[in-house]
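First, one chain by itself in structure tokens, the form predicted alone.
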């Protein structure tokens, strides 16, 4: 379910996907710029925002075509070396959009592919986040998707907090109660 207040989710839902109308749609000609009348013919290919395509798929009015950023050529490039591919140029919300398309059953192999892609890029991303300089943006950040950018920033902030904690000095202090010596009553309890 979409997060109503999350700007990243709103922008991701606004990405266009190519759809094929399974039925004639009367009065929906405004969706198809090539339509000469107020209707969309059966079999027409129309680019719609993802939020609208999801609703129309649930009503079985359209079928979503797999976007070009998930086609076989791109998959082969990513599987060859996931860390070197610029996924942001293909789709800024690559993983989020892929997950939405998995829910729509566009391609049964899309889910495992996204998981393998994130696994392949995560290790390199984590290494870079933990060794990155604390100021400025490294050169590879513009190549990351929105999700990867948030992961990178979280890793870098975590490393920043760890270094601050590490350099603060003594981290363990003796409790005040441990400083006092207890004295025993010399009389035994059983007498």
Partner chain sequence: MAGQGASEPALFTELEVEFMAEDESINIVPNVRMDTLNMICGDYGPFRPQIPVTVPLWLGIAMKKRSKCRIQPPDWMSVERLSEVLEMEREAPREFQPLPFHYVEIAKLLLDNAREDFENNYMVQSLLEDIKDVRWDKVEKGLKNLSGRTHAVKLKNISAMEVNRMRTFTVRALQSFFKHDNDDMMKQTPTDSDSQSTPSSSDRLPRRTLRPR
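Keep in mind it's a predicted model, so treat the numbers as computed, not measured. Residue numbers count along the first chain shown, from 1.
Quick note: we don't show the form predicted in complex with its partner chain, though the next part is all about it.
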Exercise. State yes or no: in the model of the complex, is some non-hydrogen atom of residue 86 no more than 4.5 angstroms from a non-hydrogen atom of its partner chain?
Key: no
Exercise. Answer with yes or no whether residue 82 is in contact with its partner chain in the model of the complex, where contact means some heavy atom within 4.5 Å.
Key: yes
Quiz item: Taking heavy atoms and a 4.5 Å cut-off, does residue 32 contact its partner chain in the model of the complex?
Solution: no
Quiz item: Taking heavy atoms only, is residue 59 within 4.5 angstroms of its partner chain in the model of the complex?
Solution: no
Quiz item: Taking its partner chain in the model of the complex, which residues of 151-168 have any heavy atom within 4.5 Å of it?
Solution: 151, 153, 154, 155, 158, 159, 161, 162, 165, 166, 168
